[in-house]
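Read the single chain below, which is given as structure tokens and is the form predicted alone.
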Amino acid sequence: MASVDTAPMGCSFLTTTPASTFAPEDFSADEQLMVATAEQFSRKEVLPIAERLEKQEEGLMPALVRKAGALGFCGPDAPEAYGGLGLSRALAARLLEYLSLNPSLSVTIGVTSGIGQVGLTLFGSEEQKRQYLPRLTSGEWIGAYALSEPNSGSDALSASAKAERRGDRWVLNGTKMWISNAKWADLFLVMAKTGGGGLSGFLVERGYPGVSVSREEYKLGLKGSSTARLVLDDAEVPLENLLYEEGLGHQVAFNALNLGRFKLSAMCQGPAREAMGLAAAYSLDRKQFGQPVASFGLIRKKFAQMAFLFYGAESMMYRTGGLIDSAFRREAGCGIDGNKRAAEEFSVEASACKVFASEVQAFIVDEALQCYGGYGYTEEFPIARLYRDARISRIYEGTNEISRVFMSSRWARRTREGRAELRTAGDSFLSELLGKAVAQPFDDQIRAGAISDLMMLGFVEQSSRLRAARCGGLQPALYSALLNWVNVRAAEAYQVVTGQAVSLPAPAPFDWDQIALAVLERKGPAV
């Protein structure tokens, strides 16, 4: 097995912040107990009624949200002063990962505790937070985030919804589309253009005059969640419900999405974890040619691939969570300006987590379904639902394409400002490729996307290496397998940017069976 470099590192690829090695192994015993409670809630309260949730049985999802709220899951990282638990964002993501074993539930809770709430937490006035946050953190109310429109998706700043001040009211007109939780939401964070042409944020209660929700969208997956249009027809909103400052709603919207993409990576990990476990159990039980399917080499290879990709996504995600928490600790007491700085600082890492985790989720659920053979293509087994539910992860909260454009452009800007550092030697094969690639122009989307892939793969590799070196056990083997996979894809991205061929380093040795057997034994991720 290839050795894992344990030399101390200065910075990550993406920032000048000292390299963090935070990982799931660092949660305390009490924190692990909270995670176990989240998993128990999913397995006992949610998964047994998955089919009823798919049919959107009246009142069922809101009742589950209230139960989750009673356990603190609707505001785990919200301040205690407003009914939250005041936990770290890394731990909040871990809880959400285990609440995501059923993706319809995780979208509902993830939105109400995430992008539907975080803008209020970071930018709200004291009066606004005291009025609304306790209702959201308790699960009494469900929150929603209303930015997208029929003709405004990734290009959010081209929104056409408008808000006009009339006397003691704001009057809002427009239609918001793809609004998660719309059917059940009591409070919407709505973005609309005001007089100066900039976006402004508004806290809009469902019961306000002129507010209505249209029919449910007929979706491919996430059928247990609500997605509908929010219609604002001379909707009357009190003046005091303007969130932050007029014309600066884009700061609220985009910083909520920065943190939302980090949490979305956790929402990808949960279903991937569940799919891996289901496929392992089925492969051990299902017999062909007189032996379990799990004994066949190509099936074991699938489980090993699932495991090392999951390990990479998990390593970068919790490392990023540790970085985000460090930023908020550093900005504590600095008010809204400090919140903005902390939410924006690791936006590139958060986007990388979202892109990589959603694509790993897609791979894992697809290979898990393959382990079922023809049975996986039927709705008789839950793997079909996980397969359908996974497809949206690469689309919402910023498509993976627009996220790739964002990563490279934001990183380039940070580099010019001296806020990012690139190590081009002594780190890895991949960092040397990236150092050469960024010297090339990447002013078109194809090259910009390939640069983003190099950055993302470098962050995955580095995060996994730091974790494996510290934790040992099976983790160095997982890292070696991941390293081989990463290097191949990095070489492909490098060729897109430069048009030049590159020789791969010798593959790191590892044992496919060793990793696969760990997955089969644990009926889930290898560590």
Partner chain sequence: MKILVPVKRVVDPFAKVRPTPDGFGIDTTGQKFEINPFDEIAIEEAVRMRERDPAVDVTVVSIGGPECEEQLRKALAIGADRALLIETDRTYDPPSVAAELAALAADLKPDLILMGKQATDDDCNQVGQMLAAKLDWPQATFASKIERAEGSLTVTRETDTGEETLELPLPCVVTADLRLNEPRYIALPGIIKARSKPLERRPPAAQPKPRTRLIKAEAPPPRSAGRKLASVDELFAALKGKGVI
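Residue numbers count along the first chain shown, from 1. These numbers come from a predicted model, not from an experiment.
Beyond what is shown, the protein has a form predicted in complex with its partner chain; the following relates to that form.
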*Should Glu58 be classed as touching its partner chain in the predicted complex when contacts are defined as heavy atoms within 4.5 Å?*
no
*So, in the predicted complex, is Ala501 in contact with its partner chain at a 4.5 angstroms heavy atom limit?*
no
_At 4.5 Å between heavy atoms, is Glu51 in contact with its partner chain in the predicted complex?_
no
*Partner contact for Leu242 in the predicted complex: its partner chain, 4.5 angstroms, heavy atom*: no
*Heavy atom within 4.5 Å of its partner chain in the predicted complex: which of Leu278, Val171, Ala159, Leu71?*
Leu71
*Taking 4.5 Å between heavy atoms as the contact cutoff, choose which of Ala256, Leu95, Cys371, Leu323 touches its partner chain in the predicted complex.*
Leu95
*Which among 87-95, 377-385, 330-338, 109-117 is in contact with its partner chain in the predicted complex, heavy atoms within 4.5 angstroms?*
87-95
_Complete contact of Leu33, Thr37 and Phe41 with its partner chain in the predicted complex (any heavy atom, 4.5 Å)_ = yes
_Within 506-527, the residues that have a heavy atom no more than 4.5 Å from its partner chain in the predicted complex_ = Glu521
